[in-house]
Structures are given as structure tokens and as C-alpha cells.
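Two forms, one protein chain; C-alpha cells for each follow separately as structure 1 and structure 2.
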Structure 1
Amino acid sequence: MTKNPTEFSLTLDGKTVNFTPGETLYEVAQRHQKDIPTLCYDPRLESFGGCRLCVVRLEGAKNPVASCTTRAEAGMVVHTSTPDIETHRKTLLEMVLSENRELEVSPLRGYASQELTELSERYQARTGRFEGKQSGESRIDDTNPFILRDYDLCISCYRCVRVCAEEEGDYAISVMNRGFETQITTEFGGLLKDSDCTFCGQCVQTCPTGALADKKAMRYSETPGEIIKTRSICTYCGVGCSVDIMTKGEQIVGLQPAMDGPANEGALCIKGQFAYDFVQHEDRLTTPLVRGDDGELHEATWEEALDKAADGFKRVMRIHGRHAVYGVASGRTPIEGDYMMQRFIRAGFGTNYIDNCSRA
């Protein structure tokens, strides 16, 4: 049976558009390049409708409706930007900004840390007319090396709490109190290291104000130079999480998950998020070392080092036989590297003495 073409269509800013049953007005508007502002929205999370910046005018409705929680229905007539809606958004932003200690924060704080700043500039909302009492109390006593809990910048969007629960399933942080006493906290108000936090950094990367920030990256906030992002793949296991490496000149200053990464979709583990110091560590070897007849290690070329290794393999096989060689491939190597490793053992030595450390 052929469906009526108007069964799944609505009017969006004067244009008839189609929608898929179950879509919200915000999702429909996004598909049609309508720039609706949000602060509490993260596409990976259940819609919350807390910030009310995404409200739209729905003909027939008494008041504006939150587009992120309103399901599309056939025949709806929706206006995403009207003078009264834009005034509403600016006023809300002015009220939000009145509580924050500062607005200009380093982009090194996190992936989404510039959202509030950018919206304030877009709506010219820095009027100061709502200055007064502030909520949020920073936890400067939390000395963990990874996450800064700067709640003076918190706007109670709860994205951090929701990503911890919905994406990670950790439920390490939650919300307590109401009104100006609202606070993001852990169980019993303790430190992150004493909670169920796995330091994955998801809360940091979804925070739209930088209230939760990457402590390691913040070390380089005063380092001169433009921040350049380079897409790469995390080296720590075989999952293949996409990451954006942030650099200033030749210095790696931080790492952020790729929200469009096919394997991770914005998620990382603690190693993928924070363990990158080894790249430029002063103890890292940059030249091959070969042990000489004097028993000491000496710098060598790659050709010399590879020849030395090959001689060692041949000597072991000649003296002890082919079963004296056992290969263990790294879980950090790409599949092509693991393939060559098993070829090296099976074709080179004629055994099946090959395994992978990922088994552990």
C-alpha cells in the first residue's frame, strides 16, 4: 500500500520537509541545515531539554517548545528563528553567563569547551545585566593528574553526568541539591580517584564550558603557537579508536577523541585519552642501540641493528633448533604488522609458535 506523501511531512520555516517517525524537531532541523543553538545537547545522549536554547515556535502551541525533545508529527508548522525566539535565546544566555567566573577559556580544556563562548559572541550576550549570586563550587582539592573540576564554570547542563551514565555506564558522578546550591559531585562528595571514575575523559570532552578540563593539556595553555589538530589512530590496542592529536609547533599539547570516529564515536579509555607523554619523553630512544663486544650499548644505523638481530635469530636456530624461537605480537600494532609477524614465525622458522599479547 502506497503511503500518502504528507503522512511524514511537516512545514519547517516555510518549506515542506519529510521526517522519519521518531525523529525530533531538532534532528529534522539539523538535517536541513537549520542552525538551532543548544548547550545541554549531545547527539550521543538522550535528549534532556534543560537549557531551552533550542526552543522553536510551533503553530498551535501556546508556548515555544524544546525542539530536542519534541517528536515530529505530520502537519506541524515550525519556525526555528523568530524575533521573539531569538530574544528568548539571548536572555537565557545572559542569565547563564551571569554565573560564570570567566568566559574566555582555553580550547585545550576539552573538545566542546568553546560552545558557550561561541554562542555568547553569536548573540552578543555579554551585557552583565543579570550579575549576582553564583552557583557551583570548584574542587581544587581533587589532585588527580587528569581531570580539573572547575565548577565555577559549571552551568548545570548535566552532560557530564549523562555521558558517564549513558555512554560509559560508570555512574561515577551525579547531581546534588537544587537552585544555586546545585553541584556536580561523586558519591559522598569525595575525590574522583575514590569513586567509580575510570578517567576515560568523556565528561571532559562533552563539557560546553570547560568546567571539567584536561589537566595535562592545560599545562600547555600558555605555550605560544596555534593549536593544530591532526587526525590519527590510537596506538594502545587493536580497536582502532580515532583521535585528534593537538600540537603547537613540534610539541604535542593534548589529545581529543574523534566524535566521528567509526570505532569509538568520541569515546576513549584512560590510556588513549591521557597517556601520550611517551611520544616526546626525554628517555625515549630515537636511534637504534647495538650491544658491542665490550658489553655496552652503542648507537648504530637501522641497517646495522637489523643485521645484528637477524644474525641472532640465525644463531639461535642453528644451535637450538627452530622451536627455540617464539613470537608474541603486540596488541598495539595494526593488523598488517601482526600478519607479517606470524609470517615471520611460520614461514621463517616453520613453526606455529606465535601468539598475541591481546589474549591477556
Structure 2
Amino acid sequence: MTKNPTEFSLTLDGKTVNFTPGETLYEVAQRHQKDIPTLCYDPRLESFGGCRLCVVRLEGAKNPVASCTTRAEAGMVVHTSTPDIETHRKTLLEMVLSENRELEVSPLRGYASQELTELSERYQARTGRFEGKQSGESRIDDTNPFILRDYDLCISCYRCVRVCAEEEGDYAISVMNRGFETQITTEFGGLLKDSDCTFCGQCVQTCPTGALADKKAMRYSETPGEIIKTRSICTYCGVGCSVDIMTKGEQIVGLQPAMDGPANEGALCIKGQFAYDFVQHEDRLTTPLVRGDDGELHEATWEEALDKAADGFKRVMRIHGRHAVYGVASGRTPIEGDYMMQRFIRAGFGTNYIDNCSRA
């Protein structure tokens, strides 16, 4: 049954557009490349309607409405950007900014950490216009190595609390008090490690101000160079979460979840989020090693080492036959390594003497 198209259409900035029932005005506008500012919005979370930055003018309504919580209805006439609305947004932003100390927020703090900064630049919103009282007190006593709790920058958007509840199902943090007294806290107000927190870092990545920040990445705040992101896949478990590896020059400075990763859709766990610095660890093997006559392993050139490796297999094959050689592939290396290992055994020795470590 096809519906009459007008049944699911509305007017957006003078143009008739269609929508799917259940869509919010914000989502409809997004699809039509309208740049509506938001602060408490994260597409993965239930709409919250806290910051009101996303307000739009809806004809027939007395006041502007929050587009992230208002469901589209047939026949609505919506204006996403009018002089009134823009002034309103700017005022709201200045109120929000007045809560924060002035500070350059490093993008290493988290995936969404630039949102407030970018908006204040876009609206040229000044700080300190309102008599600034501050909500949130930083928890410098929480010395966990992963998550900085710099609540001086908190604007009470509750994204952290909501991501922890809605996406993670952990409910490790909650909101205490209201207004300028608002404080994001754990149960009993303690350290994260004594709460249900699993250090997945999701609160860090959704925070729009950098109040919650990636402490490990911030170690490289002063490192010169532009941050480059390289898309890859987490190297730990079989879920296969997509990540962006952040580098400055030749240094890995941190990791962020890929919001469009098919397996994880923005989620990560502590291993994927924080356990990457083995890559550039000083213990890495950097040269081939060959066992000498003294029984110890010694550094060698690739030439020497590869020849010695090949000679050993040749010798064993000659003396004991081709079934005396066995290959063990890895469930950790890329599939190209596994394929070559089985090819080495099959195309080389003509046997099926090959396995991987899935049995361990």
C-alpha cells in the first residue's frame, strides 16, 4: 500500500521534504544537509533535549522547539535558521561558555571534544558575558591512568551518563544535584576504579567539551605535528571493532572508535581503547636474532638470519623427509600471514602439516 506522499511530508526552509514516521526534525534536517548546532545530541543515544541549541522555528508554535526531540509530523512548516533563532543560539552558547574556564581544548582529549569550541567560534560567542558560576568540580584525586575527570569544563549535557547507561549498560556514573551544583559522579562519589566502570572510554569519546578526556593521548599534547587518523581494526578480540589510529609524525598518540565501524558502531572496550602502546614499546624486536655457538641469541642481518632459517628447513627435509617440517600460523597476524604460512607448507613441502593456534 503506497501512502499519499503528502501524508509524510513537511516544509523545511521552504522546501517540501519527505520523512519516515518516527524521525525527529533534527534527523530530517540532517538528511537535507542543514547544519543545526547541537551539544547534548549523540546520534547513538536517545534524544535528551537538554541544551536547546538545536532549536528551530516551527510555524504555529509559540516558542522555538528543540529539533532533536520533536518528531516530524505531516504538514509542519519548519525554519532551521532565522535571525531570531541564531541570536537565541548564541545567547545559549554564551551562557554555557560562561560556566567554563577559558582553555584551549586539545583534540586529543576525545572524539567529540571540539564540539563546544567549534560552536563558540562559529557563533563568535564570548565567554564571561554572564556572571560565571561553574558547575562541576574536577576530580584530580582520581589518578587512574585512562580517564581525566576535568569537570571544570562540564556543561551538564549528560552524554557521558547516557552513553554509559544506554550504550554500555554499565550505569557506572550518574548525575548529582541540579543547576550550577550539577556534578557527574560515581556511586558513592568515589574513584572510577571502585565503581562499575570498565574503562571502555565511551564517556570520554562522547563528551563535547573535553571535560572527560583521554589521559593517555594527552601525554602527547605537546608533541608537535598535526593529528593524522588512520582507519584500522582493533587487534584484540574477534568482535573486530573499527578504530582510528591517531598519529603525530611517526608517533602513535592515541586511538578513537570509528562511529561508522560495522561491528562496533562507535563502541570500544578497554583493550581496544587503551592497550595500543605495545606497538612502539622499547621491547620490540627490531633485528633478526640467530642462535650462536655459545647457545645465546645474537643480532644478525636479514641475510644471515633468513639463510640460516632456510638452511635448517632444507637440512631437516633432506635428513628426515618433508613430513618432518611443521608450520604454526597465528590467529593474531593478518590473514595474509596465515595464508603464506599454509602456502609455505603446502606448496613448499607438499604436506598438510599446518595448523593455527585456535586450539589453545
Partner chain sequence: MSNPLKDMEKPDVIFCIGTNMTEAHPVAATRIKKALRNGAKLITADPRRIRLAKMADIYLPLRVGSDTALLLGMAHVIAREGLIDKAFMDARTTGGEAFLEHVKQFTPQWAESICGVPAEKIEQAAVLYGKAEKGAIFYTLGITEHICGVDNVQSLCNLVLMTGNVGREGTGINPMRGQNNIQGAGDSGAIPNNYVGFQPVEDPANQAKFAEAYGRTVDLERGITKVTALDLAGDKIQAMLIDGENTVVTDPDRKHCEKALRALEHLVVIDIFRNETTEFADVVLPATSWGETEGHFTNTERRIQRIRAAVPPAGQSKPDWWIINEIARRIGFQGFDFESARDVFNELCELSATYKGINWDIAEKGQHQWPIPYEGHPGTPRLHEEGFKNGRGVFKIINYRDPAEVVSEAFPIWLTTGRRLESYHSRTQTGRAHGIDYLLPEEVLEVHPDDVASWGLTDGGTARMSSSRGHVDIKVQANPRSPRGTVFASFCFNDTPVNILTGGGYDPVTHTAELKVCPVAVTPVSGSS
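Throughout, residue numbering runs from 1 along the sequence of structure 1. Quick caveat, the model's predicted, so the values are computed rather than measured. Take the two forms, superpose them, and find the largest set of C-alpha atoms that agree within 1.5 Å; that set is the rigid core.
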{"item": "Identity of the form predicted on its own among structures 1 and 2", "value": "1"}
{"item": "Core fit, then Thr70 C-alpha moves 2 Å or more between the two structures", "value": "no"}
{"item": "Per-residue C-alpha change between the two structures, Leu306, threshold 2 Å, rigid core fit", "value": "yes"}
{"item": "Rigid core superposition, Thr230 Cα moves 2 angstroms or more between the two structures", "value": "no"}
{"item": "Value in Å for the CA shift of Ala347 between the two structures, taken after the core is superposed", "value": "11.3"}
